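As structure tokens, one chain now follows by itself in the form predicted alone.
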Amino acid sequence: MRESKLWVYHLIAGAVILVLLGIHMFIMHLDAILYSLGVGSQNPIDSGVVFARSKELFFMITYIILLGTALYHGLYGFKNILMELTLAQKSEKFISGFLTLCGVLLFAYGTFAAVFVFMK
């Protein structure tokens, strides 16, 4: 039961990633296309534009949600790949704990960075 719930979360995370990356790609590439045609006023990957975008609440929240869902989706998928190796029970618990710790630390670091840039 627990594993099937985690799998559903994995699928939901994939759907969220699909939507958020779609929004991200639309904004970035539409701006880049308009800029290359001379219609847009700024290059979307210019550092000043990136920092200005990072100071908007919508983008900060989007970055944090995308970070969390990507970490969960990626690390849970990686854990499942490793579990197919039929390791010892202790090894499986260690791998699960280690990947969870890595995910939490990476999420905390990424969230700190997004909030720090937003507040600056």
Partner chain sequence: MKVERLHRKNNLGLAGWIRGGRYGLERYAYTLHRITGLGILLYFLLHIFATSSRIWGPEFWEKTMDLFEKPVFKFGEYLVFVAFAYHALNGIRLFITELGFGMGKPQRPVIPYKNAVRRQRPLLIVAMIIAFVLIVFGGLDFYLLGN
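What you are looking at is a predicted structure, and each value in this text was computed from that prediction instead of being measured. Residue numbers count along the first chain shown, from 1.
What follows is about the form predicted together with its partner chain, which we do not show.
| Does its partner chain come within 4.5 Å of any heavy atom of residue 92 in the predicted complex? | Result yes; residue 92 sits at the interface with its partner chain in the predicted complex.
| said: Within 4.5 Å, heavy atoms only: does residue 61 come near its partner chain in the predicted complex? | reply: No, residue 61 stays farther than 4.5 Å from its partner chain in the predicted complex.
| query | Is residue 104 close to its partner chain in the predicted complex, meaning a heavy atom pair under 4.5 Å apart or at it? | reply | No.
| field | Close approach of residue 57 to its partner chain in the predicted complex, 4.5 Å, heavy atom | value | Residue-level check for residue 57: no, no contact with its partner chain.
| Sequence-ordered residues of 91-119 touching its partner chain in the predicted complex, heavy atom within 4.5 Å | Heavy-atom contacts within 4.5 Å come from 92, 106, 109, 110, 112, 113, 116, 117.
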